[in-house]
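Presented as structure tokens, the chain that follows is alone, the form predicted alone.
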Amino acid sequence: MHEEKAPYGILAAPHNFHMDSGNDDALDIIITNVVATFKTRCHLNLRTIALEGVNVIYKPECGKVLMKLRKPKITASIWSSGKCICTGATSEDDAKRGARRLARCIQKLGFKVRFSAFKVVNVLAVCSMPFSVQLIDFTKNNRPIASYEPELHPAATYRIKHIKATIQVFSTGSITVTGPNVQNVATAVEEVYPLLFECKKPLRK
């Protein structure tokens, strides 16, 4: 029996991946959000950052400051402990570049910042299969890893524990993938593709 595979490859754009689906159709994995953390290794006065920083929103009730960058387009949550969480980047490189820029912005406000402990903690991506999927068949074939409760959510959920990835599969063939890094997201799509191909809806004549 020939197994359909989607070998992994990279497009020129840093936030898109190209996967050959074994036929004339190609799969584009589009990275929509990269979440990363870093530490400044110094205590931060949030009031000073709020008063003197640019593109800053002070949220004293949450004990943090939000700082936004335009290039790369990311938003950072900054705590007085020096912990920072960055969201909105569309590649791991942009996330790191943005985190370093944020660290420099904070440093220019008079803090002794030492950029450290940078880590990508979550990646969200979307991808469209070149076919529709029969979700009930997909779930039956892949229990207990797959689950589907249409009265609660229109997508089936498929979890891959060893790479800590979760895939939401819609009947249209669209999928959303979350994982700890870009490589794991790509691996998850590659792993689920043949399982989805087995349950593709026949084309209407």
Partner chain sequence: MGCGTVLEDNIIVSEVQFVESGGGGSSAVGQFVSSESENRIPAFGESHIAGIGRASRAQTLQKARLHINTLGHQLKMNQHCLDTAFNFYRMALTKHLTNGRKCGHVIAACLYLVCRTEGTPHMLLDLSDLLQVNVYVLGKTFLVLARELCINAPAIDPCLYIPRFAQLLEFGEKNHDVAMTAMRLVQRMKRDWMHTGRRPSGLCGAALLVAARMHDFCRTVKEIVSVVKVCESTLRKRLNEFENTPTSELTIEEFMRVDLDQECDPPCYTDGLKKKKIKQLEVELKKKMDDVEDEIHDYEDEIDAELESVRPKLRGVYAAYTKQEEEDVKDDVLSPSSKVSDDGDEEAEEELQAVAKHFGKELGELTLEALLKLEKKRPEEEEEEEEEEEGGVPRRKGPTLESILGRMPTASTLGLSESISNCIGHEKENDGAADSGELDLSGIDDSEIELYLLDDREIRVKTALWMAENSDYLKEQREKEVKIAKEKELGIYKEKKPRGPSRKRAPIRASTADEAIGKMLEQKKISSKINYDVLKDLNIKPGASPARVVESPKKEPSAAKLTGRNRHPARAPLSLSTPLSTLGKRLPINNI
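All of these numbers come straight from a predicted model, not from anything done at the bench. Residue numbers count along the first chain shown, from 1.
The discussion below concerns the form predicted in complex with the partner chain, not included here.
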Residue (of 78, 135, 127, 120) lying close to the partner chain in the model of the complex, criterion heavy atoms within 4.5 Å: 135
4.5 Å heavy atom contact, residue 141 to the partner chain in the model of the complex: no
Partner contact for residue 53 in the model of the complex: the partner chain, 4.5 angstroms, heavy atom: yes
The partner chain contact at residue 107 in the model of the complex, heavy atom, 4.5 Å: yes
Residue contact check: residue 35 to the partner chain in the model of the complex, 4.5 Å heavy atom: no
Residues of 153-168 having any heavy atom within 4.5 Å of the partner chain in the model of the complex, listed in sequence order: 154, 159
